[in-house]
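Encoded as structure tokens, the following chain is the form predicted alone, with no partner shown.
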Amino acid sequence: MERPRCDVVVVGGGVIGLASAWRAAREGLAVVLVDPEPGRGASWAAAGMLAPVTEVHYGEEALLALNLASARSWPGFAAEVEEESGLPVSYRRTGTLLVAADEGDRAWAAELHRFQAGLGLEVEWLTGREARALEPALAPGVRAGLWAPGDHQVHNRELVGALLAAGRAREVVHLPLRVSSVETSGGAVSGVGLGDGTTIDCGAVVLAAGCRSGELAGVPAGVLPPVRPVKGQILRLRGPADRPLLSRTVRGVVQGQSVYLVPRADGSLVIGATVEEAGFDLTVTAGAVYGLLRDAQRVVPGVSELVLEESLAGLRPGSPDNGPLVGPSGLPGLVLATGHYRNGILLTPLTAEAVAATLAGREVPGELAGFGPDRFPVLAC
């Protein structure tokens, strides 16, 4: 019996895998996406923030440039996904307001502002009174704020549905299975083995399995990406659609701890998120729920009146330097698209573009040049 064949198998159906499959199909390639529950992992547990300015960290200037480039591509990307899928993704130009809860947090925010300003980022220092003028629901004790008008948001769960539909429109085949192994012939990718014992022949594999990307059998040990799970617990609250508590994303700094509140158009609110090195544990803990609600209430007291609708945990794919691993690997035919850590939603457009370019034999976008899989010694062949 002749085995099924396609041009590309995409392993993993988070937003990175879904967008990469869609973009590859737009190149005219025959694409099979393999994932038992596409979009139900870290992409489902995300908040959908597109926040390169307020997410900037010391020592990550190269990653900042990449994040800014991808943020600039989001309006066009969102429009294309919506056009091809016929579904909304709710890309909202809300801006982001970072606020300091007390004097110690104010000093931290002031240092961050100096760093941001030194990088030439668009950000404005606000007094507590000015911050409350933007968001009246803020606590009276808020000391100061940083207004980043270019940090926006997208509805991550709507994005999952739209990317699935866009892929179907381009004849991407979805198999609700797991990939058990990569097969090789002559030192290059030749296919994948599936969890049901069958095999698909292909000329290329895109490894976009998030924090599980380092576990795929058949890939040489020196080529497997060094990714790990970083647990994040998150809450979803329901409020009245006609009286939303917030109109823009608020990031709070509370006694040195970070909490974010992302409002949706329907009045709901996403609150997150913890950062835990806990392996593949997905349990939701009382302490995490308490801590998130406590810190959120400290900056926006009205959250206590909303309905706690959902609490869940997701696993971010972390890399050794917090940057993604995108591009051709040391195994011919294997393309990596993983390790996005806290920037998976933000980097979806540029990653998908890079994957499609690689599969079509073109160079990846220049902003991704420093984020190839070969930058870690463990990946050297």
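This structure is a prediction, so every number in the text was calculated from the model and none was measured. Residue indices: 1-based, along the sequence shown.
The same protein also exists as the form predicted together with a further copy of the same chain; that form is not shown, yet it is the one meant from here on.
Enquirer: Quick check on Val284: any heavy atom within 4.5 Å of a further copy of the same chain in the model of the complex?
Expert: Heavy-atom contact with a further copy of the same chain at 4.5 Å: present for Val284.
Enquirer: Give a yes or no for Tyr290: in the model of the complex, does one of its heavy atoms lie within 4.5 Å of a heavy atom belonging to a further copy of the same chain?
Expert: Although a further copy of the same chain is absent here, Tyr290 would touch it in the model of the complex, with heavy atoms inside 4.5 Å.
Enquirer: With heavy atoms only and a cut-off of 4.5 Å, decide whether Gln255 touches a further copy of the same chain in the model of the complex.
Expert: Looking in the model of the complex, residue contacts with a further copy of the same chain do not include Gln255, since no heavy atom lies within 4.5 Å.
Enquirer: Any chance Ala79 has a heavy atom within 4.5 Å of a further copy of the same chain in the model of the complex?
Expert: Residue-level check for Ala79: no, no contact with a further copy of the same chain.
Enquirer: Of the options Leu306, Val219, Val123, Val179, which one has a non-hydrogen atom that comes within 4.5 Å of a further copy of the same chain in the model of the complex?
Expert: None of the others qualify; the residue that does is Leu306.
Enquirer: Go through Leu138, Val192, Leu237, Val172 and name the one with a heavy atom inside 4.5 Å of a further copy of the same chain in the model of the complex.
Expert: Contact check passes for Leu237.
Enquirer: Name the stretch, out of 79-87, 256-264, 160-168, 296-304, where some heavy atom lies within 4.5 Å of a further copy of the same chain in the model of the complex.
Expert: Within 4.5 Å of the partner lies stretch 296-304.
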